[in-house]
Each structure stands twice: as structure tokens, then as C-alpha cells.
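Here's a solo chain for you in C-alpha cells, the form predicted alone.
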Amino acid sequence: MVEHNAPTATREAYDAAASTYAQLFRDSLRDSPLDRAALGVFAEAVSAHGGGQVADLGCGPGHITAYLNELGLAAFGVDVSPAMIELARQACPDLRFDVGSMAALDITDGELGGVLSRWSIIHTPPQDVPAVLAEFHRVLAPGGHLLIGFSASEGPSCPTQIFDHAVAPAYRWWPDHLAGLLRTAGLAEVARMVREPQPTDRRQFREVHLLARKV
């Protein structure tokens, strides 16, 4: 039952947690040099292939969208949670934020130079992920780039694993498995970054960024 109602459950959970989430993660990039590096590489890749608009999908309270704009990208945010979008609009009134679903984006075919999905696809049940990746491919221009962030599963024998996320049920992915789904969707892996868990991390999971290009 959880999987059948995943979008609604995720929206309601993030609406309820929006204020707390914003306070916890507003300054998260300050102490995350590897995250800043991954976003920097993404920004350079998008700019080098002509720029264009960039969608931060699952933008939450908008802090990453704002950082992408600081890096010179024409970024806007989309999130399924109206409460998150309201906080983002309050924090960044000069930027665009829309309520929407990654599975059905109100974006024209080939409109975007880049898509960021940073720890947002984790709440999508695995059987629905190929359709979401196809939507990413649809909205990207030829040569456009996707940066997708997620937590890694234990190994190739466990391509996906559900875990008890603080807000809503979520899934970990074996990087090679998700990269294979990207290839099937027409998104070729360009690079990946893996961050090993640190002793102070609440969850001892590897964190992965995959950079892919629409072919």
C-alpha cells in the first residue's frame, strides 16, 4: 500500500516537515565540499554545452536552486510539496519555484540544458523510476546534463534497498544498476563521485552523484 500511494505520502510528509527540514539543511553545503564540487562540475558541464534553463527537481526549501544560480545557471525549482515551495519562494523571492511532480513535468520537450535530482528520486518506488528517467530525458535538450544524487545499496546483489528515511520511505540504489537504467533512458554516464560514510554521519551509507548526458 505504501508504494501505491507514494507520491501522496511523500507530499504530505514533506509538507508536515517543511519548516524543520529547511532549518536543518539551509546551510548544508557550507560543510560539504564534495557536494559543492559535484554541483560545480554539473554547472560547468551545462554551461559548456550552451547553458539553458536548469530544473532543480525536488528542490525543497530552495537552497540548492539558489546555489546553482550563484554558479551562473538559470535555475528554477520544482517540488511536490506546496509547503516546501512556499518556503523556497520566501527565502528566494527573485527565483522561480513551481509545485510539480518529477513523473509529469510541465516543461516542453527539450527545453532544459540541465536537470538536478539531488536525493529526490530516492522516494520513487523502483518500478516507477524508469518512467521518471524517461521524463528527465524528454525535457533535456540534446547534449543536456543530468546530475542525480542518491544513497548506495550494499552491493550488486541488492540493486535496491528500502530504508527508514526520516521523512518518507526511501530507496538506496546500487550505482551500476541505476547507471544501467540511465543508459536505457538515453542518458549516458559521464562521471560519478562516491563519498564514503564518515564516523559522524547519522547513516553509514555511501553517497553517490552520477553525471549523465542526453545522447
Ligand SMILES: C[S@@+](CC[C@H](N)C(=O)[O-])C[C@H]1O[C@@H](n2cnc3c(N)ncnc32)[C@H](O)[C@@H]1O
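All figures in this text were calculated on a predicted structure; none of them were measured in a lab. One-based numbering along the sequence shown.
Heads up, the form predicted together with this ligand isn't pictured, but that's what we're talking about next.
S.K.: On the criterion of a non-hydrogen atom at 4.5 angstroms or closer, are 10, 84 and 123 all touching this ligand in the predicted bound form?
M.R.: Yes.
S.K.: Looking at 139, 75, 102, 129, which is the one with a non-hydrogen atom within 4.5 Å of this ligand in the predicted bound form?
M.R.: Exactly one residue meets the criterion: 102.
S.K.: From the candidate stretches 89-97, 106-114, 76-84, 139-147, select the single one in contact with this ligand in the predicted bound form, where contact means a heavy atom within 4.5 Å.
M.R.: Only one stretch passes the 4.5 Å heavy-atom test: 76-84.
S.K.: Looking at the partner-bound form in the predicted bound form, is residue 59 within 4.5 Å of this ligand by any heavy atom?
M.R.: So residue 59 counts as contacting this ligand.
S.K.: Would residue 187 sit within 4.5 Å of this ligand in the predicted bound form, counting heavy atoms only?
M.R.: No, residue 187 stays farther than 4.5 Å from this ligand in the predicted bound form.
S.K.: Classify residue 63 as contacting or not contacting this ligand in the predicted bound form by the rule of any non-hydrogen atom within 4.5 angstroms, answering yes or no.
M.R.: Looking in the predicted bound form, residue contacts with this ligand include residue 63, since a heavy atom lies within 4.5 Å.
S.K.: Can you check whether residue 21 is within 4.5 Å of this ligand in the predicted bound form, heavy atom basis?
M.R.: Contact with this ligand, yes.
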